[in-house]
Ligand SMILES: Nc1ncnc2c1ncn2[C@@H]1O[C@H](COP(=O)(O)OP(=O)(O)OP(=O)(O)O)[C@@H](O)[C@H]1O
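The chain below stands alone and is given as structure tokens, in the form predicted on its own.
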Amino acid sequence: MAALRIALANQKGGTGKTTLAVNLAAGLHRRGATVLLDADPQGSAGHWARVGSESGDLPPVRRLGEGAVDAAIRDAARAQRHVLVDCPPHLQSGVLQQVMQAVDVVLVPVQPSPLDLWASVDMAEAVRTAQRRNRPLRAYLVVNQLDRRNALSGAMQQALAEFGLPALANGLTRRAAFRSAALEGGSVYALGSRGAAAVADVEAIIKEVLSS
């Protein structure tokens, strides 16, 4: 069975892209061999994994440079069941378009406010450009930092509808467990009971993506 290749992308900072990438990678790793390719020049995913070192529960994290991106993703897919790519946080990088032309799914994390969503509008156009060359590419918004005490505002619902990309029914709730996992260099799965609710968030996203 061909590997599932997933890109995490948004040109706007502070959307939780790396948090989503690392925890999805950890969850998918429990289902089969997984690698996380870090194409972000800041190298946040790699730093996260190095904090945990040998004691961490994360799959391998490898740097993905600017050269031969498509070939690097194909090579990773030959030995893995899941390949995730934490993309650069800017549209001007040719790496982002190269990644989106080489993956099956792109997930675009967004904050639950219309202003944050509208700041990501160029990302939707970048996805549509990639889909003209990679027609099977599926793309979804993933709402991050949700407050479960409050439903999404009407303005946010309308902004999501106007964005032009479908949103997953599941997202990440604002939880201390995600910060704790980063500080400890592992995923929310490694936190035991402290991370149970956060794991449920991640699992819901994984199951929705795998069934889409």
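All residue numbers are counted from 1 along the displayed sequence. These numbers were taken from a predicted model, which means no experiment stands behind them.
Unshown form predicted in complex with the ligand; subsequent notes refer to it.
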Segment that reaches the ligand in the predicted bound form - one of 38-46, 160-168, 60-68, 24-32, heavy atoms within 4.5 Å: 38-46
4.5 angstroms heavy atom contact with the ligand in the predicted bound form for G13: yes
Exercise: R50 in contact with the ligand in the predicted bound form, heavy atom 4.5 Å: no
In the predicted bound form, P112 touching the ligand (heavy atom, 4.5 Å): no
M156, heavy atom within 4.5 angstroms of the ligand in the predicted bound form: no
Residues in 19-35 with any heavy atom within 4.5 Å of the ligand in the predicted bound form: T19
